[in-house]
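Shown next as structure tokens: one chain only, the form predicted alone.
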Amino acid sequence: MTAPTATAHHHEERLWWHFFTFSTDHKVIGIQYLVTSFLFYFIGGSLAGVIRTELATPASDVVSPELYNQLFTVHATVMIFLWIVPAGAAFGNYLIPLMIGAKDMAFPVLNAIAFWLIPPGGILLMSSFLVGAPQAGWTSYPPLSLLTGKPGEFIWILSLLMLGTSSILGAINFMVTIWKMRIPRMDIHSMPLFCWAMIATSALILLSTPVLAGALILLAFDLMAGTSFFNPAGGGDPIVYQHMFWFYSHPAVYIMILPFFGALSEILPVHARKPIFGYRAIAYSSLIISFLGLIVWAHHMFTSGVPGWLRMFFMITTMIIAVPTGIKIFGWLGTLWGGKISFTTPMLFGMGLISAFLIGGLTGVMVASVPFDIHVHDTYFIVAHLHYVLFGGSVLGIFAATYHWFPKMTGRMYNEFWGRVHFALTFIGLNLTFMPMHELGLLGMNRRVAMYDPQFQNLNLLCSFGTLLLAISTFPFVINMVWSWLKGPQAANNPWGGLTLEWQTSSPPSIENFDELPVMTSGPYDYGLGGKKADFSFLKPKQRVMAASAEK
């Protein structure tokens, strides 16, 4: 259990224009990251809506094949580099200093610079549509990327270099803050699991992102200066680009997932009123995933002519990475087992994450097998696997974390009913959109094409209907968040009864987080076993009785 010796007990209102300034307050920067990433989520989702509208019929009758290629290239880039990665940085910025009892991040100005690279990077990417957006997919494999849409491809490279620089600066800040600014008596085995996850994420960013930057710079020389690093027409080797690209882009999967694994490890114990099951196993599994994530990249390249012995190595390491991931899932299920579960919106999204990511993980073990991967390579089976991992594992985690820490960030409570409506629409839409893609892939439908065999139309219609539900689900979310932030019931300092340090200060926290330096009073997590009782006054009477019963 953790508790500060003295805390601020007042709500501090910030004017709206504070969030448009070059602030060095980690809480303002965290919200800037979060709101900006959600704006790009809506942009990327809109592009996905156009893509799925085109795919509702076999013919190319909504957009041209060239525009279709541009749409899926920018859609994937936005969702990865402008939505999920910055959203992870948002919660890292907002929560880490609060969770370890620090007043701010280690390098506040660097922190602000890292954020302010995001909006121009995103605007630059979207401006590529003005000159012909890139058409080679988010992987941008040469020689295709050297032959189509040169201005747009170059803008894509510049945008990713800016966004990658932002990630590196943020990772440096997270690492130094966690290691150097914890309060006295908070050793590494007393800090929240979210901090463990951010250490693992930051290590991956620092080790892999510079390799991607090198690949992009060399690709830019091939594109604009006529060199032949990757251009086979001049003696270059495009396979080298694939190695460099995937050395970053497979770890990028864990860069996108680990922060929300860490968030889930904080959310489940609070809403299950039970200590986390297997604290150290979950903590060290994050580090193991981080290490193994760096030595599995070539399983994306089984069809590129890599030697047989190398295929076997990467097949085995890819399967092994399922072990630390499985440890996390068993830890989460052990936490839920026998708990006093409150089916709040964060808990619903958290349980949705476990179920959806489990499907993505199981198909991941399948595609780790060389024979099966060769069979489904570049089919919709891969699209289904990717989206169950990233939408199921990351996006549901973003929503769970947003609802869970919304009272702390805003000082207001969201509307629980509309939060549950949002979850239901999102979860149903997720499965309707991506589950049929497994069958499409097994039947042989290629991905990244606007036109397809008419035999696949019925399944594609189902996928497009699921996408429509996902689009509809954003409306209750946006209305709920905006209305609740402006007019929602006042939130208590600790509405969920959480025991980590961020719940021991005011909602929202004061400028320097705590009036006095917090002090560790006992060991790590003790949820529901002697901690402060949760404040359920914001609930309706019937909900209050149910919550109080669960608390007992």
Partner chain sequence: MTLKFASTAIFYSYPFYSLISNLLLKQTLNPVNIPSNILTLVAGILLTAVSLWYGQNHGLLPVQASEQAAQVDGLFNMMMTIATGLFIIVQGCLIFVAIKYRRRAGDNSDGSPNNGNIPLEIFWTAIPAAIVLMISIYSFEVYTQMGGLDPMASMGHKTPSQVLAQGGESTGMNMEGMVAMDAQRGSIALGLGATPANENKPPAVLIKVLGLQYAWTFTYPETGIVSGELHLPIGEDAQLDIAAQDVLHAFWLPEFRIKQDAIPGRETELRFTPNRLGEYPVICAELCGAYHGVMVTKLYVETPEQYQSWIEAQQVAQAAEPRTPQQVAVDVSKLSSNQYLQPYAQELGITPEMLQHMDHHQHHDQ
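Small disclaimer: the values here were computed from a predicted structure and weren't measured. Positions refer to the first chain, counted from 1.
Below, we turn to the form predicted in complex with the partner chain, even though it does not appear here.
Proximity of S304 to the partner chain in the predicted complex: non-hydrogen atoms within 4.5 Å are present. Using a 4.5 angstroms limit between non-hydrogen atoms, I239 touches the partner chain in the predicted complex. Interface residue remark: E439 is counted as part of the site for the partner chain in the predicted complex, having a heavy atom within 4.5 Å. The partner chain is not drawn, but in the predicted complex it has a heavy atom within 4.5 Å of P275. Out of the listed residues L158, M319, I428, L461, M319 is the one that sits within 4.5 Å of the partner chain in the predicted complex by at least one heavy atom. Proximity to the partner chain in the predicted complex, taken as a non-hydrogen atom within 4.5 angstroms, holds for one residue of F417, F465, F154, F372, which is F372.
Just one listed stretch, out of 87-95, 469-477, 376-384, 189-197, contacts the partner chain in the predicted complex at the 4.5 Å heavy atom level, and that stretch is 376-384. Site residues Q32, T36 and V296 are none of them in contact with the partner chain in the predicted complex, judged by any heavy atom within 4.5 Å. If you take 420-446 and check each residue for a heavy atom within 4.5 Å of the partner chain in the predicted complex, you get E439, G441, L442, L443, G444, M445, N446, in sequence order.
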